[in-house]
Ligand SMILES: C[S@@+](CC[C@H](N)C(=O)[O-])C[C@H]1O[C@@H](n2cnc3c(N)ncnc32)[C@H](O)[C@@H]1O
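The form predicted alone is given below as one chain in structure tokens.
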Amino acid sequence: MVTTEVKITDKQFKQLSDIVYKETGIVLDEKKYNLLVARLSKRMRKTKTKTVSDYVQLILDKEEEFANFIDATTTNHTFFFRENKHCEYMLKTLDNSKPLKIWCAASSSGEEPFSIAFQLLEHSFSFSIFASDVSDSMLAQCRQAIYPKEKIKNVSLPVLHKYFQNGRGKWQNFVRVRPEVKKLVTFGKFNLLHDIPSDEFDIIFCRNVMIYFDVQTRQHVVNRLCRAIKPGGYFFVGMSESLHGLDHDLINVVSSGYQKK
């Protein structure tokens, strides 16, 4: 029988934290001990693994379970129209006669790119959005574009009626983004730590992820993302984040928002 209460030794905590850091750049310090235990316990129950040592060996041996472990330990919390001041700034500042290429570089379950898409459509912009994440399970949710109704608490009724479909039957407590909006957003896997952008964008959003990185990793990620911003383009980080203390060629134009020289 699999034990439901997992205990991790200091050595095992460091080993697992190092694996997460090496793969994603996310720092799991001692404050994240309970989080790691909870996520690890869930995976051990799912894989019927009896000891932490056995599970560590499993993720080292099996690529699929390694991906499941990374999925389980990356934090995913978002909702529609979260930190919308950046999008409001865009709408006031940009010319809607020029098409936009946008990258949401940590899209989680998709609420951010869809929220941006709704507003650009409302203001008659021509655009395409590439939304990426390191998590396969999050990308699967993005492509489904089905959300529980508690996620739409900040969505106005006109936007809700125009861009969402209400679920019925067993889906009555869910909504789905309409197909005409879904086709404007392309989802793909991208690891901010290891992958190199192959395109250039007018705007990059990378919000509420670098707060989990140490300074060295933040600098590494910013270097790569900055190279993917077109001259005059914009870069937005989370409202609790900034590029203070990092080397870059960006000008601060709004709270947690920057423009490339």
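Quick note: we count residues from 1 along the sequence shown, nothing fancier. Keep in mind that what you see is a predicted model, and the values were worked out from it rather than measured.
Below: the form predicted together with this ligand, not depicted.
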### Message
in the model of the complex, is there a heavy atom of this ligand that lies within 4.5 Å of any heavy atom of residue 193, even though the partner is absent here?
### Response
yes
#### Entry: Heavy atom of residue 208 within 4.5 Å of this ligand in the model of the complex
yes
### Query
Any chance residue 82 has a heavy atom within 4.5 Å of this ligand in the model of the complex?
yes
### Query
Is residue 212 close enough to touch this ligand in the model of the complex, meaning at least one heavy atom pair within 4.5 Å?
yes
### Answer range among 149-157, 167-175, 128-136, 115-123 for contact with this ligand, defined in the model of the complex as heavy atoms within 4.5 Å
128-136
### Task
Could you spot which one of 102, 185, 105, 90 gets a heavy atom to within 4.5 Å of this ligand in the model of the complex?
105
#### Entry: One residue of 40, 204, 26, 222 in contact with this ligand, assessed in the model of the complex (non-hydrogen atom, 4.5 angstroms)
26
